[in-house]
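Here's a solo chain for you in structure tokens, the form predicted alone.
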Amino acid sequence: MSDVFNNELFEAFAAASDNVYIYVCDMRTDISRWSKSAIEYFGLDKEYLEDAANVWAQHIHPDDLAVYMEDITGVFSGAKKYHDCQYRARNAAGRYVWVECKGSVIRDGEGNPVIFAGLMTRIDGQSKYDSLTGLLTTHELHGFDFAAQPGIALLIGMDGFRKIISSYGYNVGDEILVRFAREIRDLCKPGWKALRFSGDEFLVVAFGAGREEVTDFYKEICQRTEMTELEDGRRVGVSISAGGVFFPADADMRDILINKLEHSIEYAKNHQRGDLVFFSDEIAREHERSLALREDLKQCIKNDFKGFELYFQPFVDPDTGAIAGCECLLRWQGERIRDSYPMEFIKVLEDYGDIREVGFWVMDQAMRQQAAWRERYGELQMSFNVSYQQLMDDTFEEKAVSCLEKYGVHPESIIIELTESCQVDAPKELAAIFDRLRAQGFKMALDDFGTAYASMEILKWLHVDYIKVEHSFVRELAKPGHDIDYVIIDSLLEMCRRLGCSSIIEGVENAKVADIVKELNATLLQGYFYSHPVCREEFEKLLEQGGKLSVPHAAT
């Protein structure tokens, strides 16, 4: 047996660590020796192996085999001096773990390969490497000197990754992340660093790179990942957005860099989804406004919801023009921020978890107002929006029933609208909540139906009393070239009739549209043609005028 196998140095290295595995190959005989820890952990047959390259290839993940073979071939051919790559290897338990494999070839005086020796280090349990993707973790950022060499940092995130997991499961989600990480690693130039940031976000630190080079890199990533083919042959569409920061010009400290990257990618996702957006003064101003909004909103919530107000937009009977009810719409004005619109401040409430508390306030105020108006004007349908996260709150049903009893409201006059833009992760649980609320007498509705891909799918789970047709199908109904909108609305209303539920058409903004939708036999109509959302006093004036809205009102 070769002396290279039987020496104290091999024994010393082999016993040095449980996570490091030693191997030495006599390339003249193609016999190799592996440390005992490697034999046990990876379930190899014996300590001395013949044709170890093919034996070891059986342990490498199929998706990583090409990477391994390309690297090792380069070493044996002399094209590369050192073997250095990361891949997944199957252990004795049948589980794939990430390893970092390093080695080199020793040649004789004539240049012939004699010995190949190296070591493998398990990186799945170390904080230096991410266990799923094998990329560096953000712990390694502490060792980067952003002031020493200029460059650009990119924070790349997937759009709607939770929706992918909800549709395909966590295993597919992990597979997509691993493939995405590999594409990033393969496209990185020498000297660049690729890291797993968190969740579905990845960080690329492009030392020495300029704007054009990084932009081309991002475009290539988009093209490669636009449609990802899974192991089972299915193809999943993946879109990404990214934020970019120059260093050291924009940031020469780690914390500043990360903050600006997070602000930039948030701006990209909110305003330029799918694009790479570099940090700017505009992004900084928007972030400052967002912080001020959050502080103002929290202060108003603590101060007994001061600054919040309900506005009301009528539901109109298409046959009589009479007000049949209304939708409650939240408005807000803070101490510092006085021009915030609902889409802005509601998103802040949702992002920071305050939407539940505000939502319960809306429900309480809506039922209180419905009871007061019933005494003066008779029974009116009153609806209010509920987010998915609020509806899934363990206390929602209890609080809804408590409000009924508190104000003496008839539950059949209350419509609870689930916002259609929500991401439903637990349809069975949601369906059970819907059924229990309907059993209490509440009417349940799907708001803005038709705007999200899951509209039809969600109807398989949820029993609803109302479907609200989204205004984007309605607004331009009277204009030439929008016949398809008419067909869609007509089909949706026919579906409602077959399902035994009522319908509300939103977005009726002019007389021509009103005349068209009246012929479609919708249950109720809603839109600016009849009235804008108005404050309580203005809505009461409409009711006191007899509640007839056949002629549009100019209230704003």
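Note that residue numbering begins at 1 and tracks the sequence as displayed. This one's a predicted model, so the numbers in the text were calculated from it and none came from an experiment.
FYI, the form predicted in complex with a small molecule isn't displayed, but the following is about it.
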(request) Report the residue, out of 475, 122, 83, 289, that has at least one non-hydrogen atom within 4.5 angstroms of the small molecule in the model of the complex. (result) 475
(message) Within 4.5 Å, heavy atoms only, which of 131, 259, 91, 313 is in contact with the small molecule in the model of the complex?
(response) 313
(message) Between the small molecule and 327, 471 and 528, in the model of the complex, does every residue show a non-hydrogen atom at 4.5 Å or closer?
(response) yes
(request) Would you please decide whether residue 417 lies within 4.5 angstroms of the small molecule in the model of the complex, comparing each non-hydrogen atom pair? (result) yes
(message) I'd like to check something about residue 390: if you look in the model of the complex, is any of its heavy atoms closer than or equal to 4.5 Å to a heavy atom of the small molecule?
(response) yes
(message) Is it the case that residue 103, even though its partner is missing from this view, gets within 4.5 Å of the small molecule in the model of the complex, heavy atoms only?
(response) no
(message) How about residue 386 - does it come within 4.5 Å of the small molecule in the model of the complex, if we only consider non-hydrogen atoms?
(response) yes
(message) Partner absent here, but in the model of the complex, which of 482-490, 330-338, 154-162, 214-222 has residues with a heavy atom within 4.5 Å of the small molecule?
(response) 330-338
